[in-house]
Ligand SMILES: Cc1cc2nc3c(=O)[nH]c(=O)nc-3n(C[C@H](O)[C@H](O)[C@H](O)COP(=O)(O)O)c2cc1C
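Okay, here we've got a single chain as structure tokens, the form predicted alone, with questions on binding and movement later.
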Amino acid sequence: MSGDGYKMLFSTGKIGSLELKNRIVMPPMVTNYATEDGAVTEQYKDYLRERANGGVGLIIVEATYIHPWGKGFVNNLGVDRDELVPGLRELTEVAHGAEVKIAIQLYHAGRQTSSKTSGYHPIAPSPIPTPGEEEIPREATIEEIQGVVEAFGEGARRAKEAGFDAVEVHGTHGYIINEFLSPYSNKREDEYGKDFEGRLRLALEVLQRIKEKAGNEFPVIYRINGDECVEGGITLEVTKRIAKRLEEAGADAFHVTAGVGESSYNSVQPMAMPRGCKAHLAQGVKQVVNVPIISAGRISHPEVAEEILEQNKADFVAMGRALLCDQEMPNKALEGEIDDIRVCIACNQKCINKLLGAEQEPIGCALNVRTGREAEFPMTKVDKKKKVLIVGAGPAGLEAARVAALRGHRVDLFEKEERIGGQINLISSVPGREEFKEVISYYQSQIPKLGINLVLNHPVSAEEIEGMSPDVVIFATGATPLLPDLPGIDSLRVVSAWDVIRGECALGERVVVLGGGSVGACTVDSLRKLGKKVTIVEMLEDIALDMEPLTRKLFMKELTSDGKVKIWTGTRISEISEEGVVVERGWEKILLRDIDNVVLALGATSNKDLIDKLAGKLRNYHIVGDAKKPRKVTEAVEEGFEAAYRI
């Protein structure tokens, strides 16, 4: 399908007085690319430049704090003081240089920050912490609330001075305006609480002050929570009432999302949730207002975006992680190069997982190594073409082959199996992880276009490699299941989780899975859905701890929903016997009886036989992915990219 096939997506549109060349919006995504005091960096400009050049219609710069107390991330972008305006102006110049419109999102984190992050004790409508957080926010005084209103106004003034074409008010995801709007978090009995009108007051005052400071003609987008997805919180019907009032107050568009901190998998939806899963919320708001609507929520492919627009669920579509994964996605869709789009699979491993981790790292993309590292890796041709031999066509080997070919090298890629993909073929067989197949599809389309010589069903030997005299060898030979030295491990009823996931073994009704990492946990979930009686044993304090947190939150909710899975944590495996599995918890030994099968999910070990055979015989080689150390697709793709790029 060419751009002509996406007529709605590439039609022009308007938000207030703002004219946009297409309906694709890059929504605000906190990057942690700013300095510690909130200033724009070269990294930020490079990142934004590639998205602007990629053909997006509107860029909304990340949640930008309007007051020091409202800073939610260590390297959050700020708009809380005048000296930041020149740097922000450089961002607008980058966008305008690519003929792209640019807005900035204004926000105050409220209770969803910490004194460690902002340097100040958090404030909120009521002294109620975000569930799971220990720090109790202080109830904001009337004077402080009025200070927040003024800070939003001043933020809008600075944004306009910096050349932004619009501002967006962050009124969702559990930040301060959302907190005041919701009976879930606002228990006040004064004029800023008590009832619907009181809870609405802060949002109305913020809109009014922005209009006073930036002018009535300056477009204001309001990001609204279509459904908080928590008991006692805002629902779509309440949101409709809120939206009508905010439209009357001057909102020029609504950007509809969902979720708050404790239901955050509804805000940044993991792979297990379907594409376009929150479009019904945008449609609901659109039914009651007369201003444009932006829909968000796993709109990761132009087909999904076009369908939402065709069905009149929204006027614009927010494609955030899709633009982290492929900054050229709009241009490729317009030119009909659909197979060349690297589609976001919502793995969340290197974007939201990095941002929300304990270290609050800068974001990236598991499949696009250049995200946030654009200047470090310009995709230019090399001066001297080399002969590159790659062993293994899993994610590490495939990415190495792609990058080496793009850089101008001659690439031979050997794979011992009959198809490419490695362990991606395995994980994409797990319910809720099927979209990993998109990774394989992308590389399948690129291999012939880049002239890569792919040889399948060929376990290349050490002698062959020496005989081909390559300039560089990249070993991406992957890993195999780990078989520990455990009594009873060779029993016929013991199978590996990998074989279970592949469907290569028949299991009885009563199964024990040993190992509670993500592989073991996913195996248990698959067996649960088949009606098996499953027990999982893990030595750590919980299972699936290596999963991305938002994915895990949804996964654990579903896994434990019916109470059918027995979970033994803090438990070591001692022996597999004819009677069952002997485990140790503390000083106690326990026999788990009546078991038909034991499934091993105890990790993996690197395949290094070929590497060992060639030790000392190769001048230039690299070991990448699971061949180096078993980990995730993030590390595999990154190591494959970097090894190939530096040739």
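Start at 1 and count along the sequence shown; that's the residue number. Because the structure is predicted, anything quoted here is derived from the model rather than measured.
Although not depicted, the form predicted together with the named molecule is the subject of the following passage.
- Only one segment in the set 571 to 579, 119 to 127, 411 to 419, 296 to 304 has residues whose heavy atoms sit within 4.5 Å of the named molecule in the predicted complex; it is 296 to 304.
- Among the residues Arg433, Arg528, Lys286, His173, the one placing a heavy atom within 4.5 Å of the named molecule in the predicted complex is His173.
- Proximity to the named molecule in the predicted complex, defined as a heavy atom within 4.5 Å, singles out one entry of Arg158, Arg223, Arg111, His108, which is Arg223.
- Highlighted residues Ser267, Met319 and Cys351: every one comes within 4.5 Å of the named molecule in the predicted complex, counting any heavy atom.
- Interface membership of Ala601, defined by any non-hydrogen atom within 4.5 Å of the named molecule in the predicted complex, is ruled out.
- Proximity of Leu48 to the named molecule in the predicted complex falls outside the 4.5 Å heavy atom cutoff.
- Contact annotation: Pro27 falls within 4.5 Å of the named molecule in the predicted complex, judged by heavy atom distances.
- Using a 4.5 angstroms limit between non-hydrogen atoms, Ala63 touches the named molecule in the predicted complex.
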